[in-house]
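Just one chain is shown here, as structure tokens, and it is the form predicted on its own.
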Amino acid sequence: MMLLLDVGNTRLKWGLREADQWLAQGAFAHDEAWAFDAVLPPPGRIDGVFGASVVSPALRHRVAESLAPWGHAPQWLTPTREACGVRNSYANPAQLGADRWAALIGAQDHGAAPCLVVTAGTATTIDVLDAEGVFRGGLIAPGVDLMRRALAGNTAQLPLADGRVIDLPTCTADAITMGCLHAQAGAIERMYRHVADLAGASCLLNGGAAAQIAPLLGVPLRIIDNLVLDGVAVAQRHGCFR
């Protein structure tokens, strides 16, 4: 049984996997207690811990300390030039975020290429994977909540408020919500042009804001929850943690 991790900017997502099957999945926010003892089997039952992380060494240390009773130090995915059927076109392959690399590997394993791989979290990443499994490049943008907070923190009269999803907003809270959501959808649809003419192309969408953004998109779409964890599982299976 393996414990797989996706340590993002605001949450730690985890999954227990055995014999290519997910047994359980969940998440903890960084600002809450990580109650692993309430969700994991007793020490001795887990055979390894593998993850993708975009956080600081200090937070990685917190992960390791929290999981110390289970007897396995986490092994972290490092992007390379090629792995698991995906080729990395970044000028410096190791500079690509491990979460983006894992999501691309997960997309390839799902048989989704060619596709646009979108993770809508604290940041929104929008990456192009072609039919040959080549990651061609992509974008990083502020996520929905980060956009909202930027407006509230850097303008005099725009509040941090929850607005409604509505076609034509007629109040400020709704206007902010829809402006941020349309900014996300617009960036995704513009990037989709890079794969739109390829047979079988689609957009794979995951992340905490996926459900908010999906209804605004006018492209072939699949929502795959925890695509990063799927990619970590594939990378572990192929021996990419060394």
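Residue indices: 1-based, along the sequence shown. This is a predicted model, so every value here is computed, not measured.
The form predicted in complex with a small molecule is left out here; the points below concern that form.
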{"item": "In the predicted bound form, the one of L40, M191, L181, A209 near the small molecule [non-hydrogen atom within 4.5 angstroms]", "value": "A209"}
{"item": "The small molecule contact at G121 in the predicted bound form, heavy atom, 4.5 Å", "value": "yes"}
{"item": "Partner proximity in the predicted bound form: D109 to the small molecule, non-hydrogen atom cutoff 4.5 Å", "value": "no"}
{"item": "Exercise: D145 in contact with the small molecule in the predicted bound form, heavy atom 4.5 Å", "value": "yes"}
{"item": "Partner contact for R17 in the predicted bound form: the small molecule, 4.5 angstroms, heavy atom", "value": "no"}
{"item": "The small molecule in the predicted bound form: contacting segment from 40-48, 200-208, 66-74, 183-191, heavy atom within 4.5 Å", "value": "200-208"}
